[in-house]
Every structure is written in structure tokens, then in C-alpha cells.
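As C-alpha cells, one chain now follows by itself in the form predicted on its own.
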């Protein structure tokens, strides 16, 4: 074989090798929508379900599963009241918010409020969060700063967070009891600022920075 032929053959083999490696690595696969051939399967190629997606494995075709009935997370508690048991909840929590209104508690309440509540109620509590802007819910009833909401007792706000109200789901199984009371304090703070600094008549607790360290350890 002549030298030019050897060079041509070498170039052809190199081109074929490059093309093959490109196909196997997924760099070249414009002619197919199938994933590239993997010699050793990796974590990208595994069975997984997307939240709120479809899963034909289950009879209801829902990927998102409800917790097994009667089970609780570690250190979790079952909330004893249903959505409509407002009167019972207010009697049960008649003593009001058990947490002192410290700087730490307010910061914790703000953190949990911004995480779980702001999508609907907005960061300001005005009820015009992203979910409401998309057409879900009534801004008037979702406005935590309105006069009616300011008149809620701490127990009622805690109950609504725990058991839900209207289209709002229950959060007792998602937010700890301590954090729910911290959110109540933060909602009161938003209401107070929106009301020119006037404390809502049903709110209890005063700022006490000396108790901040103790409460901080308790809430961790």
C-alpha cells in the first residue's frame, strides 16, 4: 500500500473513531431523540417521579403521594382540630401565643412566613402574592392586614395556619408548632406596622430581648 493510501486510511479510521465516540458520549445524536448509548449507566438514567406529575405505577396516576394515614414525622404532633373547628381551637388555645415576642422569634416567623405564606399573601401580607396574581384566591380575604384579620385572635390565626381555610391547605404537617406560633407573631408585626404602630387588640406578648437566647435554643 502506498504512503498516500496509508495516510487516507488513517484519516478515515480517525474520523470514524471520532464520530463513534461522539455518538456514544451524546455529543452527536441529531438523527435520534433517543438518549445516547451508555456503557456504564449513571445517575442521569434512573427511575424518578416529578412532583405533581403523572405516575402510571399508582392507581390514581399521581406521582405525589400523601403520607400514610396515622403516621407522623419524628417529634411531630397531630393537630386535633379540623378546618371548621375554629371555636374549639380558640377555647383550646385561649391562653394565646405561648412564645415571647423576641427579636429571634420575629426573625424566625419572618423566615417561615416568607417561605410558606408569601406565595399567596405576599411578603407584605397584603394578599397579592404570585399565586393570587395568577388568578387563584381572593385578594380581599387573603389580605392579612385588613380590619377583619387584625381582629382575629392569636388562636384563630394559629388554627388557620394549622388546619387551613377556604382554598388554603393545612400546614400542621409541614410547619412545626413552634414555627407556626412564630408566624403568628410576625403577622401581628406586619399588622401593627400597617396600622400605624397600633397593636391589634387580640394580640398578646411583648418584646423581651432577655428571653431571646432561651427561645432560640428551644426552637432549634
Ligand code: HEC
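Just so you know, these numbers come straight off a predicted model, no measurement behind them. Numbering follows the first chain given and starts at 1.
What follows is about the form predicted in complex with heme C, which we do not show.
Residue contact check for residue 182: none of its heavy atoms lie within 4.5 Å of heme C in the model of the complex. Interface membership of residue 167, defined by any non-hydrogen atom within 4.5 Å of heme C in the model of the complex, is confirmed. At a distance threshold of 4.5 angstroms between non-hydrogen atoms, residue 141 is in contact with heme C in the model of the complex. Heme C in the model of the complex comes within 4.5 Å of no heavy atom belonging to residue 101. The partner is not shown here, but in the model of the complex the stretch 114 to 149 reaches within 4.5 angstroms of heme C through a heavy atom at 116, 117, 120, 121, 136, 140, 141, 142, 144, 146, 149. In the model of the complex, the CA atoms of residue 141 and residue 116 sit closer together than in the displayed form, by at least 3 angstroms. Relative to what is shown, residue 149 and residue 140 are farther apart in the model of the complex; their C-alpha atoms differ in spacing by at least 3 Å.
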